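Structure 1 and structure 2 below are two forms of the same protein chain, each written out on its own as structure tokens.
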Structure 1
Amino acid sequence: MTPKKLTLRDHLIRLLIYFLLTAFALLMLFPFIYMLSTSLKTSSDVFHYPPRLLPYSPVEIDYNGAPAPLYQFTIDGQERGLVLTGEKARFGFFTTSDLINAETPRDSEILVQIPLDDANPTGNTLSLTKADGSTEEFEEFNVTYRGENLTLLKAYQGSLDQFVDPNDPSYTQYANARTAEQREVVDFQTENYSAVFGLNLDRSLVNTIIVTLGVTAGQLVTSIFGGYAFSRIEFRGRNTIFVAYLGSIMIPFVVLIIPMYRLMVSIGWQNHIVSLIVPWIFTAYGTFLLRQFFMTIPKEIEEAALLDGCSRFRILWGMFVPLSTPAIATLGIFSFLYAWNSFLWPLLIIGEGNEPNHVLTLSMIRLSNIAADKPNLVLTGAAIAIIPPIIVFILAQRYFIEGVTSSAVKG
């Protein structure tokens, strides 16, 4: 069959679909991208307005034996890098009587700004009437503007900071240091991660990995054995036990908190990492998931293996587990994400004060309190907590999709 030739309209529709999908994908990914970008910024760069996606740091040079930031000035069409000397000078801001704003002199259109020492007062003043009927006095000065001697009014005066060319100390420029533009370069602050790890997050990361691997491995093993038993082994009361076990899913966690907590205290597991692993290695959901998947495997294969002398254990690990890789990968992802992001139970059984046994969710609370004024460090901790689950999902997504599609086909 000859494939249908795509028309111009078809190409335009596809192009529009790709554009919309790309736009929505970028919209969904933007918070994650901004989090990673902020984790590589300095604290001052986080509060820069307008916000910037890339991390920038000020350029510093050695000036008088100490590092000094370099400021960017455009003078006579040429860009020059100047440093702040720390000295100030009194400046006058001069204009004409037509351009002066009597209501708010600082909003006047300024023709020239020069040091007050370079302006000569004439002794005359100009009185201008405001809207409320009051008058404002403005002094008159002789100043040099573009090579001409002019008589102008002083709208206002103020202090400006002195900047100097580090390569030519005789060249000076005056401006407000708060509004002067600093010369910056893209600079990824990877030391943010070292700083965050120094706040006990390294220990918390190790504890979280131990807990997550323990819970995930435990749930996979118990679910595989339980799913096989409920799907393939005939014993008295099997269906009743399975329904009762499955019904435990309907029990809210808040109902189990107090008895589980008392149990952990009575056996001495309070404030220990083992209390975050053992109570969660059994999962009715995982047993149900694998039971349903095992039931789709033809019984003839198992019967042939039994006739060949294979044991139940060998059949399970040699046949059922390899055939159920998508379902096992799906359960592994769910178990990993649950254990990695667990917060309420670690908060109750470990507590905020037991820092050596903290997991990431608890350390993030402490980090948000310590670095409340440093959002770059807080988002660095968030990146450390988020990146591992993303990597796991990316590596296992093929099996996860296979599990979903195969379940749909078999259903």
Structure 2
Amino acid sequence: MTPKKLTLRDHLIRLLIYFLLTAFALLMLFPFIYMLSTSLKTSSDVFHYPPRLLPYSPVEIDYNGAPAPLYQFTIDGQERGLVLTGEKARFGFFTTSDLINAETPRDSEILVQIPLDDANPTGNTLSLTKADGSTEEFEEFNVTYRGENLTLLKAYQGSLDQFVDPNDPSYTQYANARTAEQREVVDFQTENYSAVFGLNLDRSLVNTIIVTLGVTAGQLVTSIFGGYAFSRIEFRGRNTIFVAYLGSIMIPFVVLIIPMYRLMVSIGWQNHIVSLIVPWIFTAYGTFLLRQFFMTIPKEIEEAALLDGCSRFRILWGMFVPLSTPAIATLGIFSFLYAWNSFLWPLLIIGEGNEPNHVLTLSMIRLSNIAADKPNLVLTGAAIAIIPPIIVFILAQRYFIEGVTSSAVKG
């Protein structure tokens, strides 16, 4: 086909495609973004509603020798930061008889709010009948508001907290401290990470690294030997073993958990790291993957080396292994992921109370129980467990995709 000139319609379609792909990408990434942002928040910021993505913490300044949170006020279009003095004043909330809400006076539209001491009762009261037949009495007051003298009804009264401008102590303002808006700045709580490392995550991170290195190295070695024997050495019984080995891929792990658990208990490996490594260094999938790759290496090269008297072992390590780096990298990455993310087996074999031998997945569950009301810490734990595989994925993306695709070709 000859290259066409792109029309406006093509451009629009492209724009639409990129828009859809990006929207979907954001959807897929959102849980990770949320995880990172929450892991950098304070414990109280997490419960802020509506939820916000950036981590905020309150601004504190020095007031009367002690740190005090700064509150945000907008007065006459001007923003001011005030601190709470701790003093309270009784306030009256005044309005007209038209605006008053007899059913629930606190829902009335308030025109003026001033300290009760500044208002003078006129002595008159207004009685209003409620829907249920009872009456509510409202007192009338003379109030001065912005230089105007008004006669209004008191809807209700209540105490308000006093705020003061730390730079100008004569400037005070009254508001409800619970509903007042605190002044906040974006602030990344990186200390969440050290806090979580202190909750056994350091130890379980090292355990996970040890288990992952052990399982990956073991699987690579056994698969390289097995794959070579299955692909290149002819002997009686090989094909039978191969079929049995392939068949074992079909057996789901759930069939094995009970006997494996019994086995680990009887040889004394229960609750020990070794039970997470040694039983898992044999992999039918890996052996199969490397066998398939070794089959593509031409026989002639190997036969020439054999005639020269090279041992099988040297052919394997000197020729097949360097030639098969892509397949070995693919297998290595899958072993890494499998070992790093495994959960069911560690859950069964490493007891809940045996924290020194926990791996990250177990520690995360434990963290989610002991810090059930601190999602920032729980998600920090999740970040510690999730970020390393993501980094490996970004560095070795090609091998991931190859590995996934090769499993599809099999089917």
Partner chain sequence: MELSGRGIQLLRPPSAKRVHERIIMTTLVDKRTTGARAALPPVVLVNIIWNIFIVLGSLLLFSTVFQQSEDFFDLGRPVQVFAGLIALVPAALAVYSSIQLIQRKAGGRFSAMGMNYVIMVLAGFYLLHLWGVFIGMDNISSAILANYQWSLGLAVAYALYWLAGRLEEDTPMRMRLEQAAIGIGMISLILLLWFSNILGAASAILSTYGNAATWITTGVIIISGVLAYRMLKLGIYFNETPAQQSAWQGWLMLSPNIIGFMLFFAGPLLLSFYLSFTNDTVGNIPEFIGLQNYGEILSLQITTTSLETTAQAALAPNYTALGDITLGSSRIVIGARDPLFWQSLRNTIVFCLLLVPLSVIPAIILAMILNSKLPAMKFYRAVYFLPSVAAVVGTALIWRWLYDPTIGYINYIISQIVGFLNNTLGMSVTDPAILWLTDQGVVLFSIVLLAAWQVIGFNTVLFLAGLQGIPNTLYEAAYVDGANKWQEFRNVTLPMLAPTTLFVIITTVITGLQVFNEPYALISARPLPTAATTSVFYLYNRGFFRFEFGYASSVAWILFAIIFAITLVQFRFSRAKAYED
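Residues are numbered by position in structure 1's sequence, first residue being 1. This one's a predicted model, so the numbers in the text were calculated from it and none came from an experiment. The term rigid core refers to the maximal set of C-alpha atoms that superpose within 1.5 Å between the two forms.
Between structures 1 and 2, only structure 2 derives from the form predicted in complex with the partner chain.
With the core held fixed between structures 1 and 2, Asn176 has its Cα displaced by under 2 Å. Comparing the forms between structures 1 and 2 on their rigid core, the Cα displacement of Phe73 stays under 2 Å. Annotation: Cα of Asn207 displaced by less than 2 Å between structures 1 and 2, core superposition. Structural comparison between structures 1 and 2 after rigid-core fitting shows the C-alpha of Ile251 displaced 2.9 Å.
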